[in-house]
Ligand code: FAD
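The chain below stands alone and is given as structure tokens, in the form predicted on its own.
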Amino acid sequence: MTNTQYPHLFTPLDLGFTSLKNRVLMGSMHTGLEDGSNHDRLSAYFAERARGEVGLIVTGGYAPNRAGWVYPFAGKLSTRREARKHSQMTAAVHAEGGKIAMQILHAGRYAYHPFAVAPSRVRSPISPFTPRELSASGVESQIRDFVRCAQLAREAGYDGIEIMGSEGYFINEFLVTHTNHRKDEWGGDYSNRMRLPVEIVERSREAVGKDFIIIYRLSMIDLIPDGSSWEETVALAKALEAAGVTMINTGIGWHEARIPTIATSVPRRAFTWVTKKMKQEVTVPLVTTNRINLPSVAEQVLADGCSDMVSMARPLLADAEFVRKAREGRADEINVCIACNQACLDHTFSKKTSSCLVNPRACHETELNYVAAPKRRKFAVVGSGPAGLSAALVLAERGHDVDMFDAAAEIGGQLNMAKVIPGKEEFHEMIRYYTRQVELLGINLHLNTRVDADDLAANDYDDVIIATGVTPRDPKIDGQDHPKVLSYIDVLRNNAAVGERVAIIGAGGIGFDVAEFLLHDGHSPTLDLDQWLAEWGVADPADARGGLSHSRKQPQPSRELTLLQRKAGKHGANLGKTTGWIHRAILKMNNVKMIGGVNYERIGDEGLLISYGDKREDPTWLDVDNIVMCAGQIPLRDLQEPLQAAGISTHVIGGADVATELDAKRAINQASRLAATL
């Protein structure tokens, strides 16, 4: 039966020897579970997504040999013993009616170990290890290992493989002169440089037969200096089609590229135009990717003829039932990926197990489950920020009665400030999801209601959960009551008028948010794709090699900002591992002055008086119209002591427990885990 709301998304894709039930591919993600010791956890993780009706799952990357490891003892498939272990995962997916392909990923010079190999001895900027240059026979050996890996994947029960040929990994490194300085048959002219991927596909196809999916992930826009030209990329795509690929997936940018590609500040479907450009050149099905996080967005991408499938990776972390909910007309119940990177990519690059800020069960399905409670109980949750909401939802899902109280007029707490920051519009989706779940689960919501311990004691609750959040820290600066002074709450929540010259005290996450809010003055480049591409210097790869423009359109900031911090180190040092550089780059592009190692001496009519270092040297007045305080927070938990004194079982979560830069990841995880046990 045709899905009338998303007809393109739910049209089966005929691959000749097999068919996919819809057009959703779950893109490859490193979870930190691929080392061979976590097959039970991976089986549960993949099975849940298969049960959610994903058309085709692609695993995290597995190396074809030790040299290809991303880091020591990372995922690898090179022996029959390893293949037998993989069969547990494929069986789990097939039992749920799904299909799964294994990604073969050779790290090349991105490898974080001393055994790294590459086409040339060129160290990458993201690894301290210089790779060994392969001999011609060494290249042949690597190809044989790819083919062997493909055969073993078939033996393990996979429905196919994805050959990782993008993002700057091993295969990609052969394609560009930036990393391939060879003079033999594997270097020099592009026909030689593209031999490696073509040979891998041809030999793999011969080894696995015609009835096995082979996806090739092609870097369609490198976003690095001296990247592939569009003519070269098209030539490779056509050669891969002739070599026997089933589908071509889109790769966007190398890991070392200094252009964001999947962060929340990247516009939705920002690169689907590149895949659409390739559709004019080849006939095999194409998959497009990056910042597609809603079924309506995916449907429009397909309707626009950009691709034959859409790859959604992190959205399937956020909600394993994404596809089924869309098919059943329940898109408003989808827990939407906000592209924050905090629990997925940040964890990956810190060698932690991945998860999801909005869904802490992701990759933890075997130990975090919201099972029905043995006894129905009555709970009060005070505060409707991310911690309070998460606790309330899990409690209600488990069958408990929940009253939620908040003095504010709307749910969301600090999320209501985050959602107004340019580039953080996805936080609207978090609030929308929570609003719908509160309604569906029958949580008794009491807004505009400030409760005290006596109110709560009078209602005979089994437990009270305090999720009242934080309050701004008092920085104790002489003159801080001056009319020039505003708090971040005044600016982000109360729409206070702000002058043209502004000093921001505090360069943590909130300081950066306030800076970006004031720079753009209500206009978000994230909502204007052409502006965003121009500001970041992304060009049509047919016009500029690698899609990297030689010039960027400099933004016109609406204010002159100075971002200050007491520490002498890098501003925003505690921002996300994979996104902090983006925020610093945005401020730099907008000529924000970033000054560290300062003391705040006094605020007066002249502005802000600062000095430097322990000796308080070089006192200087900053002539500014306003000073915005972003000097940290402290927990707000006034209810805890009187509730405990009254003998009421009390739990403190989120910012009320620990005030750490409005850490929604920790708050949601803590709240969900607590509620799963009560």
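Note that the structure is predicted; figures quoted are calculated from it, not measured. Note that residue numbering begins at 1 and tracks the sequence as displayed.
The form predicted in complex with the ligand is left out here; the points below concern that form.
Participant: In the predicted bound form, which of the stretches 195-203, 150-158, 112-120, 409-417 has residues with heavy atoms within 4.5 Å of the ligand?
Facilitator: In the other structure, the partner sits against 409-417.
Participant: Give a yes or no for Q342: in the predicted bound form, does one of its heavy atoms lie within 4.5 Å of a heavy atom belonging to the ligand?
Facilitator: Residue-level check for Q342: yes, a contact with the ligand.
Participant: Counting only non-hydrogen atoms and a 4.5 angstroms cut-off, does L636 reach the ligand in the predicted bound form?
Facilitator: Looking in the predicted bound form, residue contacts with the ligand include L636, since a heavy atom lies within 4.5 Å.
Participant: Classify E167 as contacting or not contacting the ligand in the predicted bound form by the rule of any non-hydrogen atom within 4.5 angstroms, answering yes or no.
Facilitator: Heavy-atom contact with the ligand at 4.5 Å: absent for E167.
Participant: Evaluate F427 for contact with the ligand in the predicted bound form, applying a 4.5 angstroms cut-off between non-hydrogen atoms, and reply yes or no.
Facilitator: Yes, F427 is a contact residue.
Participant: Mind checking whether each of T31, I163 and I214 has a heavy atom within 4.5 Å of the ligand in the predicted bound form?
Facilitator: Negative, none of the three is within 4.5 Å.
Participant: Since exactly one of S307, T250, S384, T233 fits, which has a heavy atom within 4.5 Å of the ligand in the predicted bound form?
Facilitator: Going through each option in turn, the one that passes is S384.
Participant: What is the one choice in V485, A544, A207, V451 with a heavy atom within 4.5 Å of the ligand in the predicted bound form?
Facilitator: For this set of options, the contacting one is V451.
Participant: Quick one: name the residues from 134-151 with any non-hydrogen atom within 4.5 angstroms of the ligand in the predicted bound form.
Facilitator: The stretch does not touch the partner at all.
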